[in-house]
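For reference, the chain that follows is the form predicted alone, supplied as structure tokens.
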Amino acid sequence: MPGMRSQAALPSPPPDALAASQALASRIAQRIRLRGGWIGLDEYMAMALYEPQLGYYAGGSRKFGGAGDFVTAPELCTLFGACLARQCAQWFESCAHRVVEFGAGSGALAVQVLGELDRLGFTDTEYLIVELSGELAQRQRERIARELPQALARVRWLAVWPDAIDGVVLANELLDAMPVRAFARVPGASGQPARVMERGVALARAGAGARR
């Protein structure tokens, strides 16, 4: 019925995943205490997703594909990447032969785009991958080396946003994995003007979930 919550039971995580989750929660709690009882949503997201060895994208669990947590278009077939590559080839008429992919996941899209660009004659294309997860960067490197070894020398990994971009930018299903700051408009009391408060995460409510 509409409005009813699902009663389906979620499977229990394996012991190693549970231990990693508990370790991450403890580290986040420690950070909150060091910050005086509150951290912004962006800092919380950064730790939950990218904390070395513990964050979702920085741990060792499988995330992509049928045996992982979710599936994106490049994991299903090569058509998605081939279509993007042909569009990149058109854009190369007005920019450098360079692709900058933010968050390359398993590396499937990079392999597809580079492979199709090679078939189209763009064998000089430079491919930059902006990846915050060292663990994923290693998986991407291994996949490209295995499936498209001739292109590996043209791929570079960056851990920070490049100073300038001349080329085509790709970001497939990435926005939900970018740490962001969140704000709320809070009505003022007794005729006072509304205030803009930043949302955050605290160990206990006690009015500590937002600040000016």
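No experiment lies behind these values; they were computed from the predicted model shown. Each residue number is its position in the shown sequence, starting from 1.
Heads up, the form predicted in complex with a small molecule isn't pictured, but that's what we're talking about next.
Engineer: Counting any heavy atom within 4.5 Å as contact, can you tell me which stretch out of 145-153, 182-190, 29-37, 168-176 lines the small molecule in the predicted bound form?
Structural biologist: Correct option: 168-176.
Engineer: So in the predicted bound form, does Val113 come within 4.5 Å of the small molecule, heavy atom to heavy atom?
Structural biologist: It does not: once the small molecule is placed as it appears in the predicted bound form, Val113 has no heavy atom within 4.5 Å of it.
Engineer: Quick check on Leu136: any heavy atom within 4.5 Å of the small molecule in the predicted bound form?
Structural biologist: Leu136: yes, in contact with the small molecule in the predicted bound form.
Engineer: Would Thr72 count as touching the small molecule in the predicted bound form under a 4.5 Å heavy atom rule?
Structural biologist: Thr72: contacts the small molecule in the predicted bound form.
Engineer: Indicate whether Val130 is a 4.5 Å heavy atom neighbour of the small molecule in the predicted bound form.
Structural biologist: Yes, Val130 lies within 4.5 Å of the small molecule in the predicted bound form.
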